[in-house]
Structures are given as C-alpha cells and as structure tokens.
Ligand code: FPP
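In the form predicted on its own, a lone chain appears below as structure tokens.
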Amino acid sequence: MELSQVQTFLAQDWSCFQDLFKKALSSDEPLLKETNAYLASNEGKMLRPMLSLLVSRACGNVTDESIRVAAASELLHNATLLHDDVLDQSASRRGVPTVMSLLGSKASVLAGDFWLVKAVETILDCRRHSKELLRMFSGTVSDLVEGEMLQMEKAGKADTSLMDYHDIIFLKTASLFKTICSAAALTAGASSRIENALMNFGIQLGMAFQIKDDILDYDGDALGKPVGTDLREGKITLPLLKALEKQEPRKQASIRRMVYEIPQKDGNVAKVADFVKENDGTALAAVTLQEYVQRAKECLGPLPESQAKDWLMKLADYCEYRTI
C-alpha cells in the first residue's frame, strides 16, 4: 500500500486539511517563516492526519472539527520532533538536516513551541467539542513528557525492562494515536461503543508503529537516520530485549554493560547489533509486532463496512510491512 493512495481516497477532505495546516503555520517573522517552509517541504509520512480523517470517514461524518483534529495531530507531532531533535542531538531526520543542526537548539525549541501553540489554537477553534478535545490532546502532551523522562532515566542506566519498554512506547507514540482516533470519532458523532473501539485501535496501532521503527533501527538504513541510532542514545528497544531473553543473567548483564559504555566505546554499537542479529532479536520483535497489528484490526470489528474501514485495515498492515 502507498500512503499517496490514502490521500487520493480522502480527496477533498485531504485538501481541506492541507489548507488548514498551511494556514496555521503562517508567520510574518522571516526566520520562522523560512523554518516552517523548510519543515513543510520535508514532510514525513503524514500518517497521523490520514488516520484521523479515515476514522472520521469510517464513522460516517467528516466535520470541520474532524479537519481540525487532523491538522492539530500533525502540528503536535512535528512539535515533539523538533524538541526531540534537541534532546537527542539529532543531525538529520527524514533524510535531511534537522533544524537543530542548521540553526541550533534554540531555534529548534522555539519552532517546536510555535507548532505546539498552533496545535492548541487549532483545537480551541473547534465550536462544539473544544473542551473535550483539548483535554484529550493535553493528556497526550503530558504522556509525551512522562515518556521522554522515563526513557532518559532508563537510557542513563541501561536497565530498561520489557515492561519499561512498553510503558515508554505507549507514552511516546501510542498515546497520540489513541487521542487521534478518539478525537476523530468524537467529532464525527460516533457512539461511545464505536469511539471506545477506535480508541483501542489507536493504541494497538501506535504500539505496532513504534515497534516497527525499533526493528528498522537494526535492519537497515531507514527513517532518514543511520542504523544503531537508538543504541547510541542508550535506548534498549524490543529487538535487543527479545535477544536478551534467551541469555543467562551473566550474559544479559554483559550486554547491558556494553550498551552503557557506548558513549565511550562507539564500537560497542556494532557488537550489540551483531548480538541482536545472532539471537534473532528482530524476528522475535516482529512476532510481537504482528500481534499488535492483529489486535488493531480486531478492534475495527464494531465498525460498519465501508471503504474507509478497509483503508484502516490496510493502514494496520502498512505498520507491519513498511520499510521507511
């Protein structure tokens, strides 16, 4: 499946989203205007607004608020990336230099703040459900912060457990997917039963999406960043955790020590990556990925049959098979 096919299916709704998204980013300040244009010209997969609009379509009613939820989701997502690039000192994203590498950390933080404020303003302009929507999105921002702090804490100790990992990826990734699906269903007038089903769909899909990212970090050049980026940042993700499960405690401790020492011994990145490969870490992680994808698709059961529901099913499969 190509994501461009989803955009074609969404047709006028996608066009309305793009117009609102561009309007939200307008600024008279020259440097900010230039920065926003640079970011827009290197847009990512735009998966979150697609998900939002497909959910609203599947519920039978794309409203002005639905378009706003789609725009706010992408604004918030990019705000977090601009901040993450500073935290992780990332030189590139999506295959191009980050704002941080071009203009410095201050510019990246300020641009991220701007995008975050525009996400809030976009939600506040919703006429009917602004209070509920703002509560949903603010809850996700809180989750994102908590997830980042937990990840930083664990990266500094190299003691991430499987439970820690699932907590981190829920807070940092799946929480926004959950909010997007719930908010899109709410704006489309879905019943509480359908909204709850779609909320759970968003959770499962978000978990699957992040696990795939973590597999790709071991499997080849992907996501516009070099292989082993997570290890260099001290992040122990599912492929390594799965490989460690097969080892005795002494070996586990030895590998974790190697991860801990990566800042001083960059050669450890290749050694740990080889350990993951030799012990089928990515293949075992892929099994967990498949389980999340299957559960996501099962969550769509209560929805009436429609083309939009079919595309949501395909989106779940995309999270499993994508290569970028």
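Residue numbers here begin at 1 and follow the sequence given. Just so you know, these numbers come straight off a predicted model, no measurement behind them.
The protein also exists as the form predicted in complex with farnesyl diphosphate; that form is not presented, and the subsequent description refers to it.
The candidate spot formed by 141, 148 and 210 is fully in contact with farnesyl diphosphate in the model of the complex: every one of the three has a heavy atom within 4.5 Å. Stretch-level contact check against farnesyl diphosphate in the model of the complex with heavy atoms at 4.5 Å: of 86-94, 196-204, 119-127, 240-248, the positive one is 86-94. Of the candidates 215, 79, 188, 231, 79 is the one whose heavy atoms come within 4.5 Å of farnesyl diphosphate in the model of the complex; the others do not.
The closest non-hydrogen atom of residue 175 lies beyond 4.5 Å of farnesyl diphosphate in the model of the complex.
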